[in-house]
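We begin with a single chain expressed as structure tokens, specifically the form predicted alone.
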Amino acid sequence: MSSAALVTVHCSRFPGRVRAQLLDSLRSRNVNPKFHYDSYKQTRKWLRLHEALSPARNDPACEAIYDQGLAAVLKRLAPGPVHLIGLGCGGGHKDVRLLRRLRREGRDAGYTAVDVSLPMVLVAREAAQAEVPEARCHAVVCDLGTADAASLDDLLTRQEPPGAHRILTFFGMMPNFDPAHILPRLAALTRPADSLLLSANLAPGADYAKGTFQVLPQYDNELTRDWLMVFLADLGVEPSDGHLRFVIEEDPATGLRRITARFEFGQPREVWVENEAVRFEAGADLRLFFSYRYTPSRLREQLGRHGLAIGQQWVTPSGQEGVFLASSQIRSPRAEG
């Protein structure tokens, strides 16, 4: 393994933009979830949390539905090289499972790890090198929530061999984005011939509200609190400055329910971003984090609004996790040209 890694940083993660987005998050009292993945400390805490509490890591049925999804993708692959693009790759565990299967089938594969977090793309890139030659492992630091889809698509195209069949994964990302914001970008990146494999955290059972309440303990716990509070601690906010609480809210624009973490300041506090101050008065409420919960039908509806159609789906017996194989129903200028 090489002693150095070549990482491409998209302009959406240039320092000036990140600083402006951080200030906007604080002033609007709505923290962009990406700021919980910036540092190595946050990454370590998130990986620990994910290993301890995520059904995808602890429920054998979750592994089964991911394997079924991976098998379905492989079944529809045409001959030729493959380019796997992990959008929001995290630690890359699930992407590596697919790369391993591609290697076992003798497929010529390349991998691009894409994440808002530099530590995450490095972890995923390193894991992928067990299955893909280092020269074909690419790392891109990018903010999927603000990046121009055309510029990102051009960057990804330069990293793939001509005529490669593209597989896009979007694992664990749907909960932390407003669907009206992220789905147009995801649709723009997905070409008609691509396979899009994504997952969603689900509210189990027939009663959507009750199902969302049932999974609240996966968020309202000490590991999650410890991870989320790193963001505030780095700004100089002490736990004694307020109270972190978890609530369930309904998004009026979509009718979806989301679990939200809010920090309520119990006393005035001023935080600084370089030379600019943001003041929070006692009683000020800061939305620190949110996670949408879906049902298969609700996810299908949201994707359909943006030209993405689910062809196959796999849901755990618990009803808490789903994997979905989707494709674009919109002919792009690139595809027509």
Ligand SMILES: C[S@@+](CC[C@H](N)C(=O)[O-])C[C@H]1O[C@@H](n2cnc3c(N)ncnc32)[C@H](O)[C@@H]1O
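Position 1 is the first residue in the sequence shown; the rest follow in order. The model shown is predicted, which means the values in this text are computed figures rather than measured ones.
Another form, the form predicted together with the named molecule, is not on view; read the next lines as being about it.
- Contact with the named molecule, judged by heavy atoms within 4.5 Å in the model of the complex, is confined among 117-125, 98-106, 206-214, 250-258 to 117-125.
- Put simply, of 110, 242, 172, 179 only one has a heavy atom within 4.5 Å of the named molecule in the model of the complex, and it is 172.
- Only one of the listed residues (144, 85, 198, 202) places a non-hydrogen atom within 4.5 angstroms of the named molecule in the model of the complex, and that residue is 144.
- None of the heavy atoms of residue 290 is located within 4.5 Å of the named molecule in the model of the complex.
- Under a 4.5 angstroms non-hydrogen atom cutoff, the named molecule in the model of the complex has residue 46 among its neighbouring residues.
- Contact check for residue 269: no non-hydrogen atom falls within 4.5 Å of the named molecule in the model of the complex.
- The named molecule in the model of the complex is approached by residue 94, whose closest heavy atom lies within 4.5 angstroms of it.
- Residues 34, 37 of 17-39 are found to place at least one heavy atom within 4.5 Å of the named molecule in the model of the complex.
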